[in-house]
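Single chain ahead, written as structure tokens, the form predicted alone.
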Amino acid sequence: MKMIKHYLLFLLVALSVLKLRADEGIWLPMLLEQLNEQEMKTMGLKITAEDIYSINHSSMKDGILLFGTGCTGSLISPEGLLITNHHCGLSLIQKHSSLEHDYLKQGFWAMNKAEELLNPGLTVTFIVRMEDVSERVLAEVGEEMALTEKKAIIDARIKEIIAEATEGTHYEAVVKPFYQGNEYYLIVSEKYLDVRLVGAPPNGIGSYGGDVDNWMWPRHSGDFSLFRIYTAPDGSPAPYSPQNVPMKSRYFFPVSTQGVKEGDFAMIYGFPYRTQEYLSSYGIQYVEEVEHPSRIALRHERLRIIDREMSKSDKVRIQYASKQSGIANGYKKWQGAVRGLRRAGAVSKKQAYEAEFMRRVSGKEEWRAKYSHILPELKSLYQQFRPVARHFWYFQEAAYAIELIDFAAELGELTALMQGGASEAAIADARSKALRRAKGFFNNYEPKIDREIMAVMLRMYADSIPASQQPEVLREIVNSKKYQGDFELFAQEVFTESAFTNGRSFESFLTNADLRQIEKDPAYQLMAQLVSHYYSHILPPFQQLKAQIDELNRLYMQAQREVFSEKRFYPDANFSLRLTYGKVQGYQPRDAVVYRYYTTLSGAIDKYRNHPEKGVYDLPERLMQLYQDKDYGPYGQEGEMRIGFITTTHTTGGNSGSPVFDGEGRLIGLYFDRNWEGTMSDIFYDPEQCRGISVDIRYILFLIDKYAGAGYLLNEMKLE
């Protein structure tokens, strides 16, 4: 009787996992009419799928852009004005900052177009069209082929398709795998090269709460920045020129001033980076027990060192602002993901789902022959993969965390040319490139910090990986009479003797150095030993096992879509244009705690007044005065200034800066984060816990107008 009850409970869990909530999913916009439009309309959508994505006429997709190489942005005026997150523009704001012009601390606002700041190297990219090319890519691929043969055929077909799609145009194209490689889509894009900084609030607004509040709700950050796209006079993409003009937007989004209320429909449009929603229980266990804990431990120590030094010096604070933010972002996210996966019982729920999968497969001879081996083989492969992957992540997060190692590795092109006997002209060109890279590197580099990080990272690497698998240099530090395990002494020696540790010595050294001199430098030698070990002993087994796991996951994805035909499957995020939708809604993170769906400026003031950590909650005096006077203009609501709100939308990295729309396609907010309990949504979406955090667009308008005095920008927008 107990066994029957246990089985029934297991079955109920499996069926609940099969049921796809309306909030869950990262959907392809070109398939909305087929898969989602009707459901979206019942939830509150007023426009059509064709309004959201069309290749025949202007649509919302033409106002969505990839900002740089990792965030989303959107157009909010007919003159190429775009909005994205403050943290997406942080590295650019940092580059413009100095002790004399501390835009990180003070913010920056151009009061006319002539004051907008250039950003060499920054690009924005729009999607022109997407097309299913699966049949062509996979036409000659057979199930029994070796993985290398499959890959060669697929790569060749992709190359042909991209060449045809871009021939005679200035467009770029990529063909990406979907559903773990069971389908392929061509994505044609257009890139713009002249993008200028228009405005950004100070850190005390844009990243209010810093690391303490990162990935948390309630949240009070005004996480936005403004840029403008410029084109050649004929409207075509062009590098910077004084003759360039503001872009004539093909589509820009109207801005709602009406606010949001609980239960409102909301949709987010952007470029989510990566999810793994269809991992097996063995895959989730690996992430939860191996990958994330390894990376968390190493980043904890790096942050300890960097945070301490940033608190001592404004110069270091400016230099390391962007680096620290990137390190801390992953560190806290992975902590939340592990916590969320365990709390949600993700592994046991996946096991129940897999039991139902096997029950169905065993009941049909065709499925039994094709699919019954998948899960047992995945279990075996992950057992082999865990120690290999742990070593891989320790190398990535320890060796490459040492900036000097990473910088020395960039000399690879120069040394390869020297080793190959290249012409003097080619060597001189590579030398010039290395010197240009060095200038940017040393502008944001403190040897003292990196030396301490080197000692700590190498020690943790040596303590955590079996000696027989370590690079020879680590064993030498541990066992030699010279060092006797003293990693601080080793690091001190490298930094004292290397010419790579400051800009002046490096420039002088590299200007005249020959190959032998470079190879004798202790920083270069350390890099060469570590990298050689990585490429000969770590990466090959990692790639081999991962390729086998990926192929089984492809087959498992195919099997799930066939076996669970009643379920709608959305493809995992892969940095392609996607749409997600849900409701404005609060949640209950734990027993007796209930979070409402919005935050206010009053809450930000409470944190400022009551938080014991100095500097974490610093608000600018101007904002404090506006609060004191309750001078919110038309942007307040019932005597309050609302700052942020949360939605049940399914988001991930890359969605940062994504616009949030109401059912009419009007901009109501700017997505910038997830709640800590919901960071697991990259792997396991829980509708009760996963929430996307957005800045209320009215707070952004208030900051532009009342705080910054840049209300002229609002005249470009269509406010409704």
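In this text, all values refer to a predicted model and were calculated from it rather than measured experimentally. Each residue number is its position in the shown sequence, starting from 1.
Another form exists, predicted in complex with aspartic acid; not displayed. Remarks below refer to it.
Though aspartic acid is absent from this view, in the predicted complex it lies within 4.5 Å of a heavy atom of just one residue from 106, 329, 244, 285, which is 329. Checking 215, 371, 385, 394 against aspartic acid in the predicted complex, a heavy atom within 4.5 Å turns up for just one residue: 215. Heavy atoms within 4.5 Å of aspartic acid in the predicted complex are found in exactly one of 48-56, 35-43, 61-69, 670-678, that being 670-678.
Remark: residue 459 does not count among the residues lining aspartic acid in the predicted complex, judged by a heavy atom distance of 4.5 Å or less. Although the partner is absent from this view, residue 654 contacts aspartic acid in the predicted complex, with a non-hydrogen atom inside 4.5 angstroms.
Contact check for residue 87: a heavy atom falls within 4.5 Å of aspartic acid in the predicted complex.
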